[in-house]
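Next up: a single chain in structure tokens, the form predicted on its own.
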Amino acid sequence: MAPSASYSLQIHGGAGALDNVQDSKTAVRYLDSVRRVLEHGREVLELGGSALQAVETCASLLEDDPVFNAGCGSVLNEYGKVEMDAAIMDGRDLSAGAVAAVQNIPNPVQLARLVMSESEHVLLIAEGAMRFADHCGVVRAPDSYFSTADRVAQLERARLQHKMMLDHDDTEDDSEDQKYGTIGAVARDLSGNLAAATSTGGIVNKRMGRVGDSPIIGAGVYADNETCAVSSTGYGEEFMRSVIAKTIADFAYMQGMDAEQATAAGIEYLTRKVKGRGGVIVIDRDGRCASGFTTKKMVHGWIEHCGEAVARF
């Protein structure tokens, strides 16, 4: 199958040092999950599903896996509650939907999709987003669905150290020995359309109401058929300040860069301007996959031009 009539898919499950999982059963768990989700996404695309359907499906599956900091695996805020952010974007017409600081929603990315398709808005937050979810008949999950023993223990460690922590931070160093917990997916379908989705539970012990880059169009997520699809994972404040997803798309649009070139230019910009910590996954309009990160590792995987599924740190 020629690249012009092929699909591509890429997902991520967060970036950081990941030293505490690299040589353990957890590492295998991460990579197995990434491969499984990629194969589900492949089925969607091979059957003629849209890029938008593929990224929503993949992001939802990652939200359903407690090993990732999104959906049921979300970390807890300063009050021991889950507040989640998510966004989705369609590269065909720049349609987008996003939610922030939502609670008891098993799949925030699906609620973001409803904001895009069933409302006049792009971003709904907190109580307003929850009322919209009720209006759309979205079933809520109890607190117990999200409050796992591991997440409660993380919160207690953060409280004892009087600081915020990021996912899988088991040290007292809050610089690099941690995992920036976000999940995301980007895709190009058989018709050449692009889409992107990002979802997260945020930061352990974060202030109530804190919103990161994940639901911010142009920072945590972006898709445009003329350029590329991007999903970000990292320290949200730095990604918002650099508008990194749109910056990468602008490199592709204004300088004619492919996915690899635009990603490298974007990571250089992120580092130079704000010393940003995290990474991105990118698929350009020709279906070429690229990724880049400033941390030691990033959990991610891809299928390029209908090829084999690859998963790695």
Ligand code: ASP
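Sequential numbering from 1, following the sequence displayed. Bear in mind the structure is a predicted one, so any value in this text is a computation, not a measurement.
There is another form of the same protein, the form predicted in complex with aspartic acid; it is not shown, and what comes next is about it.
Is the gap between residue 195 and aspartic acid in the model of the complex 4.5 Å or less for some heavy atom pair? Output for residue 195 is no: heavy atoms all beyond 4.5 Å of aspartic acid.
Hey, in the model of the complex, does residue 189 get a heavy atom within 4.5 angstroms of aspartic acid? Residue-level check for residue 189: no, no contact with aspartic acid.
Partner proximity in the model of the complex: residue 203 to aspartic acid, non-hydrogen atom cutoff 4.5 Å: Residue 203 belongs to the contact set for aspartic acid.
Would residue 157 count as a contact of aspartic acid in the model of the complex, using a 4.5 angstroms cut-off between non-hydrogen atoms? Close contact is absent here: in the model of the complex, residue 157 is far from aspartic acid, nothing within 4.5 Å, heavy atoms only.
In the model of the complex, does each of 218, 224 and 246 have a heavy atom within 4.5 Å of aspartic acid? Not one of the three qualifies.
Can you tell me which of 118-126, 234-242, 90-98, 136-144 lies within 4.5 Å of aspartic acid in the model of the complex, counting heavy atoms only? The contacting stretch here is 234-242.
Those residues of 194-223 which, in the model of the complex, come within 4.5 Å of aspartic acid by heavy atom: Heavy-atom contacts to aspartic acid in the model of the complex: 200, 202, 203, 210, 212, 213, 214.
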